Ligand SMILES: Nc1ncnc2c1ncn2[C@@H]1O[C@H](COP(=O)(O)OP(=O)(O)OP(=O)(O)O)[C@@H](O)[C@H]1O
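Given as structure tokens, the chain that follows is alone and in the form predicted alone.
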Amino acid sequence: MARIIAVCNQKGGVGKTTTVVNLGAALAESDERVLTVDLDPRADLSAHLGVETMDEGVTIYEGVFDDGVGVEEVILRVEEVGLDVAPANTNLAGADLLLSEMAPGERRAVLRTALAGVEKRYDFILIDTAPGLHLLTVCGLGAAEEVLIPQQCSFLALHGLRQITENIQQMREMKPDLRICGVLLTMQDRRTIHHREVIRMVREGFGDIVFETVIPSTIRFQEAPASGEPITKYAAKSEAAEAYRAVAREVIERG
């Protein structure tokens, strides 16, 4: 049965989509069977993997909210990377309205129910969520057993980290089996004292749930999506690629 991990943070621009793509690719390199789920109406995950759904074809929106479409009909294979993806498009922006009309228990269960038919095929299902704690993100957390929190090495980003951990604690009152897989520090510039101080503060405040690996800042992360590749393909021998391979090993160990 798959480990279902939602990648979440209240703040945008901290590396959620980058982490889903590159962690997924690194896990696939280790012969893990991985499904990535694009649960963000911006559809950045889909675009990064070269899947342009536009407004045509079935997406995760139909797979979750259309009784006539199963998630297995939505999934696409990205052979070059060894990943499967349940893509999104702008139709997903309407999901919050549909979710608002559901009872809270149904809202939390709807994605998990939709994934039930495919989860035996995979070792990992990674869910890319939108910034903030919209109903769609709550839906993603409801499907997950674990939460991975990317955390930019920035003092201002610490506020979002506190918010998301508090929200996860609240979610656990309704879903006691939900746990934090880890906090992943991203976008580190080793030249700055500020970044080193933020890392120290996060480690002191959150202890063992913080991954040992820190993701460095590099222009390669901005270049890779244009090629439709993860960093592990686009710059396979780079420090950034090796960092995500190290994170993949940590995630496997934390299972």
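None of these values were measured; they are calculated from a predicted model. Start at 1 with the first residue shown and count on from there.
There is another form of the same protein, the form predicted together with this ligand; it is not shown, and what comes next is about it.
Taken together, Ser30, Arg33 and Phe211 are entirely out of contact with this ligand in the predicted bound form: none brings a heavy atom within 4.5 Å.
Checking Gly57, Gly205, Pro216, Gly228 for any heavy atom within 4.5 Å of this ligand in the predicted bound form turns up a single hit: Pro216. This ligand is not shown here, but in the predicted bound form it comes within 4.5 Å of a heavy atom of Gln222.
The shortest heavy atom separation between Arg196 and this ligand in the predicted bound form exceeds 4.5 Å. Interface residue remark: Thr232 is not counted as part of the site for this ligand in the predicted bound form, having no heavy atom within 4.5 Å. At a distance threshold of 4.5 angstroms between non-hydrogen atoms, Ala47 is out of contact with this ligand in the predicted bound form. Contacts of stretch 184-211 with this ligand in the predicted bound form, defined by any heavy atom lying within 4.5 Å, are made by Met187 alone.
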